[in-house]
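Before any questions on how it binds or moves, here is one chain, the form predicted alone, in structure tokens.
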Amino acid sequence: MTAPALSVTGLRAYYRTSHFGVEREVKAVDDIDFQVGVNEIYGIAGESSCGKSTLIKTIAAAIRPPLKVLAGSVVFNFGGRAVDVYRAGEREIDGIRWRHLSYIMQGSMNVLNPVRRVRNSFVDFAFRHIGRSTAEFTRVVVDHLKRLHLEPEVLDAYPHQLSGGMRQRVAIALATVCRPEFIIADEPTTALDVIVQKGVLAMIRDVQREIGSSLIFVTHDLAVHANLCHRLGIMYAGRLVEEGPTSEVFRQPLHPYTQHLVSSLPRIGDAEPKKGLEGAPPSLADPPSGCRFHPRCPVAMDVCRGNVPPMVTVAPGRRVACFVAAPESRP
């Protein structure tokens, strides 16, 4: 069997702060396990503030205080070479960034310098990894921009001179120009209108297929996941609660939270009003005991209030953390 492109095991990352003698701990990523296959698009879904962005920052080793990794491992497989990003040295991590592992950040202006031309951003990110003369490097970049339907003149523009869709395509070009084996995309279509979003998603899919890379795609938009991802992981309050092939998760959601997400999607011809989920997501600084969804769960039992449901396999390729959906996991 081919080794997975990414293995995340027991990952736990908390925000820890101390102000005026008061210590605070936010459990943003709490004991998460999953794998991403070679040439696979793996989606991570969940409502806002469930820990999606913190999870992928942790996976990309792009964390800054007060975020701290407390336990677990993040192991990438780059051409048969295993790299644990939290055991590797700083020089090794610096060597794999952009060349083997790239990151499409949420919002293009988070990566493009507003006072420098786009050309300089490509030089900063990719020149040393591509390792060619200046003229050859420019030719590689121009050819790559054409794949994303961008003209060479974009290189001489400042970010504010480009539209939102063009800036996002530039950000995608930056993340893929080195043809990395693994790409992480954090809600890259959030600020785009539907038409531009469709084009950007098609470009991400085409580039991923062309270079044969693995991709983690994070968004709260389930419709995007349905059209792009091979497998889908559902997060709630810092934990992964369900995982499976995207089509199966939509056809037969197992976890009560996933069932609510899928049932809330609008459907053509369905005039019935959609009912919102009662309550609010818990504070990750003081999450409820047991299953973190139990205060809002319509089928919660006593066992859910005092015990954390383990993530168990219930069918080939399907995992769920729920005592109702997987009664065999009850203590």
Partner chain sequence: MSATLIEVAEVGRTYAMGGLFSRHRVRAVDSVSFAMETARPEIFTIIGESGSGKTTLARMILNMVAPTEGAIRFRGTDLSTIRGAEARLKFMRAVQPIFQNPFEAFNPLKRVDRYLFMTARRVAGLPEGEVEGAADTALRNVGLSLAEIRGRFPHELSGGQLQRVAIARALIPSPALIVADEPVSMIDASLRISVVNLLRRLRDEMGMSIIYITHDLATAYYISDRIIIMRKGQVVESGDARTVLDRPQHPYSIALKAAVLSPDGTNEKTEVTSHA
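All figures in this text were calculated on a predicted structure; none of them were measured in a lab. Positions refer to the first chain, counted from 1.
Although it is not shown, the form predicted in complex with its partner chain is what the next lines describe.
Using a 4.5 Å cut-off to its partner chain in the predicted bound form, each of 40, 209 and 268 places a heavy atom inside that distance.
Contact annotation: residue 127 falls outside 4.5 Å of its partner chain in the predicted bound form, judged by heavy atom distances.
Although the partner is absent here, residue 36 sits close enough that one of its heavy atoms falls within 4.5 Å of its partner chain in the predicted bound form. Heavy atoms of residue 90 never reach within 4.5 Å of its partner chain in the predicted bound form, leaving it off the interface.
Contact annotation: residue 272 falls within 4.5 Å of its partner chain in the predicted bound form, judged by heavy atom distances.
Residue heavy atoms within 4.5 Å of its partner chain in the predicted bound form occur in exactly one stretch of 224 to 232, 130 to 138, 93 to 101, 79 to 87, and that stretch is 224 to 232.
Residues from 46 to 71 that approach its partner chain in the predicted bound form with a non-hydrogen atom closer than or equal to 4.5 Å are 47, 48, in the order they occur in the chain.
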